[in-house]
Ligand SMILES: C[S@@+](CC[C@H](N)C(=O)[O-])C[C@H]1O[C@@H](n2cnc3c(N)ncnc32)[C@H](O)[C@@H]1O
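In the form predicted on its own, a lone chain appears below as structure tokens.
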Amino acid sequence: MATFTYIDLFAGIGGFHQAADALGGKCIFASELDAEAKRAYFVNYGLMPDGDITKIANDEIPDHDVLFAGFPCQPFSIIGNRLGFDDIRGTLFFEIARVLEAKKPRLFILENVKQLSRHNMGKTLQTILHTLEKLGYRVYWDVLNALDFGLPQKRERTIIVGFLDNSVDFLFPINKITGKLEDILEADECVDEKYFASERIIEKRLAKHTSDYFPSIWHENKSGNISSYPYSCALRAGASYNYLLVNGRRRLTPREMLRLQGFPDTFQIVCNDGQTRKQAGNAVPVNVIKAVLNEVFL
């Protein structure tokens, strides 16, 4: 029997779903715009997400205990133009507020990029927090790094938690458990040659950089500077093809990217490489949400 019911807004491929189900949750509604992500969600969870949340009326959304939402991050991301609420995608937060006001779940957890906490000198986040508090919630926020929760990926995310019970005192989890790259990487001899960079690119990388780590993920920034670490820099949905290279030689496989986000190998890959790469880059780190939920339900 489920211990709580939840809805999954801007669901992607279900990072929140993975975390919640592991703790006894039952998803009773999901919403996602991207057709390929919806297909992956349905195959893996047996629930087809509804589409555009702006076109879904409150009475079409069932009552629920917990609301999850990784609302679109482009308006606040360092990669995006950071227009915030001046960008129409930024206003999608207010769709979350609409559902919270109508359904009053006892708990919500929202996720966005680290830059949300600094956008417009912190004013954007304060607008979000004030809106949530006006709805009657006691709200907490922090920036958590997937690297501290057993995943070998530096992925810092703003996490916002709200309780309808204003007497709740909440502390975010503090972990320092870095996952090991060797636990998520396939052996090179088992990786299809299509994932290997060209000899020209490999030689160029090796000429510019020598890593202190093995295994390592080599990262090339927009300026062409190369760095490497015993973990991955943040996966990005729209990054260049050779943005991250394992030991400077090959791209991550779709399965490796999903592992970096905490998805188990039982997660079925049903979309092509490009779509799965995009989906992994947009996903919420499962381990981070599991840790937050564990604190919530203590």
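A quick note: this is a predicted structure, and the numbers were derived from the prediction, not measured. Sequential numbering from 1, following the sequence displayed.
We do not show the form predicted together with the named molecule, though everything after this point is about it.
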| item | value |
| --- | --- |
| One residue of Pro105, Gly162, Pro152, Pro72 in contact with the named molecule, assessed in the predicted complex (non-hydrogen atom, 4.5 angstroms) | Pro72 |
| Contact assignment for the named molecule in the predicted complex, among Asp265, Asp63, Asp59, Asp52, heavy atom within 4.5 Å | Asp52 |
| The named molecule contact at Thr253 in the predicted complex, heavy atom, 4.5 Å | no |
| Leu47, heavy atom within 4.5 angstroms of the named molecule in the predicted complex | no |
| The named molecule contact in the predicted complex: Val99, any heavy atom under 4.5 Å | no |
| Asn282: touches the named molecule in the predicted complex, heavy atom cutoff 4.5 angstroms | yes |
| Site test, Phe10, Gly14 and Glu32 vs the named molecule in the predicted complex, non-hydrogen atom cutoff 4.5 Å | yes |
| Partner-facing stretch of 268-276, 228-236, 64-72, 242-250, counted where any non-hydrogen atom is within 4.5 angstroms of the named molecule in the predicted complex | 64-72 |
| Interface residues of 240-254 toward the named molecule, as seen in the predicted complex [heavy atoms, 4.5 Å] | none |
